[in-house]
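A lone chain, given as C-alpha cells: the form predicted on its own.
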C-alpha cells in the first residue's frame, strides 16, 4: 500500500525544513532551516529518527491532513493545539507525545498557542528533493523541496520507509518565554547616539505584523543614527539587528538576505534565538547587553540542555 498525506488545508505558512544549508553565504544563500532548532530536534528525537530528518514546519494555523497507508507514528512539538480525528472519535493531542494513526485518520493542527512555529515529524520519510544538501524551503528565493514553495491545499505528500518499530514516547517539556533578549554589540554600534543606545537597551519594543522567516520588524521609540543611515553593503548573519533610517530595528532571521546596507546595532545571541522567533506580533521585547564570552558560555549551556533532553528519549 502506498502511504501519503493529503493536505485538506495547508495552513498559513507550512513548509518542509531540516537543519538548513552550510557554507553558501558567498553565493547569497542563507542557512534557512527550522526556525526553532530545539523543537525541531526534539520532534525527530521523540520518534527515534535521525536527528536531521526533514519535518513539516507550520506557523500560527497549521495544516489539516488526511493520512492514507499503513500505520505510522507522528509527533508535534512546540506550543500547539491539535487533534486527531478517527472514524469514531476525536482525540485532543499533546505536544511532545507520539501517536499512531491509521488509514483514513486526520491530523488537525488548529493553531500555535501564543507562539509562532510548530513542527510535525513522522517515523517515515517524506519523498523530497534536496538542494545543496538540504530540503529546507526558502519561499523568498524559491529554494528547496516542493519547488521552494509553501505546501498547498489538495497537495499529496508521499511517504517512504515507514519504521515499524513504533515505540510510545513522551517528554515533559514546557516552552518558556524570555523576559529579555540578550545581545552583543554590533559592528556599527557607535553609529548611534548615546540616547539611541539607551533607548535600545532600556525601552520596550513591539513585534510588528511585518515579520516572517526572513526578518522581524520592531516598533518603538526611534533609535537615532548620528553617522550615516546607510553603509556600504556587507555580510549579514542570523540574529543581527539592523536599524534603517526610520529608526525601527529589524532582526534578521533564518531566511535573511546575506548582505545589507543598514547599520548594525547588535546581534541576538544564539542561545536566545529559539525563544526570539516564537514571539508573535504584538509581543514586547527588551534587549540586554552581554559580553561575547558570556554569550559563548550561554550557548554551551543551551547545547548541553538540548542534548540532555534528547538523551532522555534514547
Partner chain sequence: MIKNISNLGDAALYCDFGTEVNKETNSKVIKYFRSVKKKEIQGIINLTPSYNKLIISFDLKKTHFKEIKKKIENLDVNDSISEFPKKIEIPICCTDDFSLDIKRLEEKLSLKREKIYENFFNKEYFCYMTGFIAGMPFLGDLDKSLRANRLETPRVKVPKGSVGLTEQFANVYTFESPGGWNIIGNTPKEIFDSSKTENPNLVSPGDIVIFKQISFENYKNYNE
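As the structure is a computational prediction, the values presented were derived from the model and not from experiment. Residue numbers count along the first chain shown, from 1.
There is also a form predicted together with the partner chain; it is not shown, and the following applies to it.
Open item on the list: Within 4.5 Å, heavy atoms only, which of 85, 128, 141, 81 is in contact with the partner chain in the predicted complex?
Closed with: Checking each option against the partner chain in the predicted complex, the one that comes within 4.5 Å is 141.
Task: Position in contact with the partner chain when the complex is considered in the predicted complex, options 206, 187, 166, 193, heavy atoms within 4.5 Å - done: By the 4.5 Å heavy-atom cutoff, the listed residue in contact is 187.
Open item on the list: I'd like to know if residue 172 sits close to the partner chain in the predicted complex, meaning any non-hydrogen atom pair within 4.5 angstroms.
Closed with: Residue 172: no, not in contact with the partner chain in the predicted complex.
Task: Exercise: residue 38 in contact with the partner chain in the predicted complex, heavy atom 4.5 Å - done: Looking in the predicted complex, residue contacts with the partner chain do not include residue 38, since no heavy atom lies within 4.5 Å.
Task: Distance check, residue 287 to the partner chain in the predicted complex, heavy atom within 4.5 Å - done: Residue 287: no, not in contact with the partner chain in the predicted complex.
Open item on the list: Under a 4.5 Å heavy atom criterion, is residue 258 part of the interface with the partner chain in the predicted complex?
Closed with: The answer is yes: residue 258 has a heavy atom within 4.5 Å of the partner chain.
Task: One stretch from 154 to 162, 119 to 127, 237 to 245, 87 to 95 that, in the predicted complex, holds residues within 4.5 Å of the partner chain by heavy atom - done: Going through the listed ranges, the match is 237 to 245.
Open item on the list: Do any residues of 284 to 314 have a non-hydrogen atom within 4.5 angstroms of the partner chain in the predicted complex? If so, which ones, in sequence order?
Closed with: Residues within 4.5 Å: 292, 295, 296, 299, 303.
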